[in-house]
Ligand SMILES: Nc1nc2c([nH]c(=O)n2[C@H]2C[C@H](O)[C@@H](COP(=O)(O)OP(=O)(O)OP(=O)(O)O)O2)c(=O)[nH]1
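One chain is shown next in structure tokens, namely the form predicted on its own.
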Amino acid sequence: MSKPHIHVAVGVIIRDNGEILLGQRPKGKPWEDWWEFPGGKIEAGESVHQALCRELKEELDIEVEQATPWVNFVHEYPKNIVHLAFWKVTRWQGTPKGLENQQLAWTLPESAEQLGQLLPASLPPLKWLTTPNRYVISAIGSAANAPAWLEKLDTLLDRGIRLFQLREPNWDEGPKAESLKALMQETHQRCQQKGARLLINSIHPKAWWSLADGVQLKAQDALLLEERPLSEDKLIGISAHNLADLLYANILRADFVVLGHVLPTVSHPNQPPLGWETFAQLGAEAGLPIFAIGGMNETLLPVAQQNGAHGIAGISGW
């Protein structure tokens, strides 16, 4: 007998300090006492946003004022298959209270496990929420430019950027040069001191990937792999341009995808951009957090998030 499919709208309610709201399932319900994000079934004729607003009013007595789509994914439980549409809720009216006799708790995503057992479908989003929403990609070029890069890196770290990628296909001594490896190690050390993470683009030697915090796989490099190339404590990002790339990112159990180019760019003058509409359509099928790339700057972060992006990615000239 096939399992029933259930479609659910889920609210990731986020305070300005990064805390999120979780609820403990009440006694007498399946998975009682387990902690989860608030939300509920999408009724016939409802949009995801309508269902989200209704559920959060019925469950928490709050009025949603600002919410943006984030990640859609499917989780299979023993008795059913749940299609989850996660939206980030960043502004609301009222103080959340458990109208269904559920306990509520505010927690940072990385501390959520201290509450108790977490519903299995809540685990991936809790991990994804620890991923920064601005992703800076290097464009250094040569060892002669290293001092300027390190100065720029320190400035970006002081501005709160916490995710970086070393990507140097045009390094003057070649992408495998010892001079570049030394700069990578210095960059990683400075990132570590500020609690930031550095990924290595897959154009560089595989031996470097584990020396940093993970790898950003080019789409064609991802297709050569059959399984996740690094341990779970490392980050795996995959560059994507179409739906096939996005689906393969799930096979490799990537942590996020960089999708683009969204807007016109000097680097791709003869390739038409995706545009926001296509970006949003592809992102809704990704099953993972998505970074928008191509013509991005920090002023476009809210626009990207309105179109379902986790964040934005771009070169270090922001």
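Not measured: the values here are computed from a predicted model. In case it trips you up, residue 1 is the first one in the sequence shown, and so on.
Same protein, other form: the form predicted together with the named molecule, not shown, and the subject of what follows.
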Check your understanding: Looking at Phe279, Phe291, Trp70, Phe37, which has any heavy atom no more than 4.5 Å from the named molecule in the model of the complex?
Key -> Phe37
Check your understanding: Considering the named molecule in the model of the complex, which of Lys57, Lys29, His49, His268 comes within 4.5 Å of it through any heavy atom?
Key -> Lys29
Review point. With the partner left out here, if you bring back the named molecule in the model of the complex, are Arg25, Lys41 and Val82 all within 4.5 Å of it by some heavy atom?
Key: yes
Practice item. Choose from 145-153, 87-95, 121-129, 183-191 the stretch whose residues reach within 4.5 Å of the named molecule in the model of the complex, heavy atoms counted. Key: 121-129
Exercise for review: Consider Ala304 of the chain shown here, and say whether it contacts the named molecule in the model of the complex, taking contact as heavy atoms within 4.5 Å.
Suggested key: no
Practice item. State yes or no: in the model of the complex, is some non-hydrogen atom of Tyr77 no more than 4.5 angstroms from a non-hydrogen atom of the named molecule? Key: yes
Check your understanding: Given that the partner is absent here, does Val10 sit within 4.5 Å of the named molecule in the model of the complex, heavy atoms only?
Key -> yes
